[in-house]
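The chain below stands alone, shown as structure tokens; this is the form predicted alone.
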């Protein structure tokens, strides 16, 4: 049925997306950075986490290639895409999920803090597309899903770099959707609110919410849930990637239990 490439697949949303896409019958190329970053205030996924994602995909009867790769490194992502095609087959679904967050008021952020978040969250999505789209365009078949955030649509104090990157994903998605439509490719974005992941439940995240009560209120869901589960976001990603959504492109789909209503 095809191959899906998922970045940031070591755990959390990326792992859930890989498993959901395997459930559609897709083989999966799963990648993650595999080490911590200097300015990111919580541990990132390990190589062992990524191997566990591979095990879960294979448990569903699908093949899984796992690879350590920086989603913002074009050479690394081109190499991963080439490996995926050689070992699994043509990539037809791309999920640009890799992302990080750190915290600080915009005029107090260090240059390295700004650059690391923008690089991972925005450049990483573009690089993932740049590495995979030429082959998809040549086959005139495929679906791309970018993983945005509630911060794609509104500002929050203390995360200017993250909000800027996630706003940027919408511009990237809408432009790609227009550029790729003549080739039969679709591009969409999911916008989770708070998700029960290691990032979403980290001490650093809790500290940010405690320091900014307005942001905490804005991220409180009207529906009676505290956090959305990763597999609930992954279900939306899988639908957007599937033939059931074959006429859906250029859409920013909130999966946030109503956070945007606040």
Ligand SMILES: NC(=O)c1ccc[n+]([C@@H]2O[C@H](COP(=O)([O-])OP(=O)(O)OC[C@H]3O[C@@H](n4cnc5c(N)ncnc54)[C@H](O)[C@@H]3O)[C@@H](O)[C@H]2O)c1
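A quick note: this is a predicted structure, and the numbers were derived from the prediction, not measured. Positions refer to the first chain, counted from 1.
Here the subject shifts to the form predicted together with this ligand, a form of this protein not shown in this document.
- Residue stretch of 136-144, 153-161, 96-104, 175-183 approaching this ligand in the predicted bound form, non-hydrogen atom distance within 4.5 Å: In the other structure, the partner sits against 96-104.
- Query: Taking heavy atoms and a 4.5 Å cut-off, does residue 131 contact this ligand in the predicted bound form?
  - Reply: Looking in the predicted bound form, residue contacts with this ligand do not include residue 131, since no heavy atom lies within 4.5 Å.
- Check whether residue 165 has any heavy atom within 4.5 Å of a heavy atom of this ligand in the predicted bound form, and answer yes or no. Residue-level check for residue 165: no, no contact with this ligand.
- Wondering, does residue 200 line up within 4.5 Å of this ligand in the predicted bound form on heavy atoms? It does: once this ligand is placed as it appears in the predicted bound form, residue 200 has a heavy atom within 4.5 Å of it.
- Message: Given that this ligand is not shown alongside this chain, does residue 70 nevertheless sit within 4.5 Å of it in the predicted bound form, heavy atom to heavy atom?
- Response: Judged by the heavy-atom cut-off of 4.5 Å, residue 70 is in contact with this ligand in the predicted bound form.
- Within 133-149, which residues have a heavy atom closer than or equal to 4.5 Å from this ligand in the predicted bound form? In sequence order, 147, 148, 149 come within 4.5 Å of the partner.
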